[in-house]
Each structure stands twice: as structure tokens, then as C-alpha cells.
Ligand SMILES: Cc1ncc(COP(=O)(O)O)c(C=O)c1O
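In the block that follows, a single chain appears as C-alpha cells, in the form predicted alone.
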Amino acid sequence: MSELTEKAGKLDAVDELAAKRAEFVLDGPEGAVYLDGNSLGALPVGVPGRVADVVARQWGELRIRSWTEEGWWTAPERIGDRIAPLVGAAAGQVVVGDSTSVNVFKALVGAVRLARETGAGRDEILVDATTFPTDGYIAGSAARMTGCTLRPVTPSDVPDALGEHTAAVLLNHVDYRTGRLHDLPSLTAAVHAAGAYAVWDLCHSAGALPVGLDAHGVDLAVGCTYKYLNGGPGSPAYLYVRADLQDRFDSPLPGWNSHAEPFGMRSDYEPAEGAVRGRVGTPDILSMLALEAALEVWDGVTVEAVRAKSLALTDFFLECVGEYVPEGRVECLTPLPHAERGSQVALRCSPTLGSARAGGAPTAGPVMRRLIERGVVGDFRHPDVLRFGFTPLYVGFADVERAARALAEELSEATAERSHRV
């Protein structure tokens, strides 16, 4: 037994979240390690039974009565209140429904409209230049719709880019490629100092670390629920609108579900009060209630405990990679300081790394495919990034050690094969 294997066992023995692992379906080949929860969270064991009940009894037997008797109609706000403490928000500010993309559009256009209440000169939207592509596409559409100029900037450059023309700023809390955690408190404060509104994408932070939406005065935020919240593939996203902005929030997608009198069927639109005005159409009940069941795994868990384990897991992974992987085979793109790190580790792996004499390091895509064949599931981002996501509710330290060891073995074998071909 190696020193790191022994260390992993000791860390698992004192892990206060270790029991949560049993609340997930993690079947697979012996030794399989799932490190892709930053793309799709594992299945909580309580979800299949709940979905079966929704389909067979609520839909199959009660049918339309379930809108009232089973609470289908109020699910978007009820589940929003369940997510709220995970992102540092009080109840009544989060509504669940639609996709992340749709909610980004609602939030960004709504932010521009809020900014223009105080003057018509706000005609610029700043967007994270390193953002997930869809956020950029949506920001471009929102800019065209509102007559704004779209200006991509890196998050670190946002304070200097802000000005009297800035209406809204769309930022990612955690960079999806590198796992870099951006400074939400200071960036939000800078946006407010310029008289603009901050919209945050929480897809890679909610459920992995404290967000503090209320504490830091965030205006609007969106996020998906299928990553660290384990809501299932394509599970509905959510929209946060700060309480004191809700009566002024003018959604660009008004629907009958956000009407003050949805069953009045009036031709004129009157928005509902509160976070409900973030709704649009009829909610996707099957996915919505699967998400509600999935969120039960958070009973008795604090985000602070999750964050502490996340940092311990990523620290240990980097320690194991440093010990097992030959020098020069990979390059860590994830910041080492805890204050700048999310819950994933991104390793650059390309032929330009490693010894030219040995034929260079293998490319990232084939490496990840072979790791998955070995039972270590991460993912790959073009052109040369290996991503490993660490979900503290079900990933243990022994998993981390096995993953790093498998990575080292794969890199050594692949490099030897390339050298032989050369």
C-alpha cells in the first residue's frame, strides 16, 4: 500500500459527508470513479421511486387534479425555495423552470431595462469573454434586442471596463474550462458602483461552494440543476431576482404562468408579484418533480461542509497527480489558491508537453477515452483539456487517489506507445 493510498483511507475515515455516498446510484465496474458531476450529477436513489409515483399515480390516476392536490402548480416556487439556501438566498427569490439559456436571456434583458429606468444612456452590455459559448450567444441576442453594444471582457478587466454607458454585466462564477473561481463580491460591488446591474451564471458553483447572493447584493442570477445539484439530464434551470428588484423586473418573455391572474385569460398582461413573474409557460412537471426529489440529498448538509471537502478533494488530487504523473506530462490550468478554485481540476495535456525525445505527451481526447475505459470518468474540452469534477456528496478520497494513479498509468503507457511508433 502506497503512502497516498493509506492517506486516502484515513481521510475517508473522518469524512463527515461519507454517508451521503449511499444516497446515490453509483453502480459500475469495480473501481469505477465518477468525476464528471460538473457535467451531469449522479442519480440520487430516491428519484426513481418519486418519478414512478408522479407518472403512475399523480398523472395516471389523479390526472388534472394533481395541479392542485399534488402541488404541481406551485412547484416552480416551492423548489426554488429549496435551492435558495444553496446559493445564499432567502425564500421567495428563486423560481425554477426553463433552461439556463432562456433564463440568461430573461435576466440580461431584464437587467438592461432596470438600468434604463435611471437614464437612456445605458447602452452597453459587458460579457465574460471566456464564457460558455451559449451565454455569449444569448448576450449578443439581448444586445441586439435592446439596442446595446456587446463588449466581451475578461472578468479581471471588468472593473476598468465599466463606465456610464454600462447597463448590465454577465459573468460566470466559475470558468467551465479551467475551474477558476471569480470574485463575485468584489466584481458585483464594482458593477454597482458604476450604476449597472450584475447577472451571474452559477452553473459551475451552485451545490459546490457558497455563493452568497443576498449577502453580496447580486441583482440577478441563473443556474442549471443537473450538475452539482444532481437534478438529472436536462433538468430545469432557475432564475434568482433580488427581492427589492422584483416589482421592477420586466421579463422579455411574459407568459400566462407569470400573469397576476393566469386563469383570467385576459388579453392585457399584468405581471404577478414576486419571483413568480420569472415564470413563462406551463412547467415541465416530470423533470421538475424529479429535481425536487433529488434535492432531498441536501437534508442535513451545509454548503460550507461541501466546500471544505471540495477543497480537500482537489488538493489531494493535485498532490496525487504531482506524485504519480511524470513531470511535464500535464499542466494544471486550475488556480492553486483556494479563493480562486471551484470544484474541478483542469489539466492541459497536449503533444507540446513532455519530452520531445519520448514523442511528446499524448493528446487529451484519446487519453480521456482510455481513462473512461479504465473506469475513471471525467471529460475532455477542446482542444487539450482534461476536466475532473469533484462532487463532495459522493466522491471520496480513495476515488481521487485511484483516478490520479490511472491517469499516470495511461500517460506512461500512451507516451511509451508514441515513442515506439516514432
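Numbers for residues come from their place in the sequence shown, where the first is 1. Keep in mind that this is a model prediction, so the values were computed, not measured.
Only in words, not in the display: the form predicted together with this ligand, which the text now covers.
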*For the chain shown here without its partner, which stretch in 286-294, 219-227, 302-310, 257-265 has non-hydrogen atoms within 4.5 angstroms of this ligand in the model of the complex?*
219-227
*Please check if Phe105 has a heavy atom lying within 4.5 Å of any heavy atom of this ligand in the model of the complex.*
no
*Please check if Thr100 has a heavy atom lying within 4.5 Å of any heavy atom of this ligand in the model of the complex.*
yes
_Thr134: touches this ligand in the model of the complex, heavy atom cutoff 4.5 angstroms_ = yes
_Using a 4.5 angstroms cut-off on non-hydrogen atoms, would Trp298 count as touching this ligand in the model of the complex?_
no
*Just one of Cys203, Val199, Val330, Val345 has a heavy atom within 4.5 angstroms of this ligand in the model of the complex, so which one?*
Cys203
*Of the options Ser251, Asn172, Thr166, Thr314, which one has a non-hydrogen atom that comes within 4.5 Å of this ligand in the model of the complex?*
Asn172
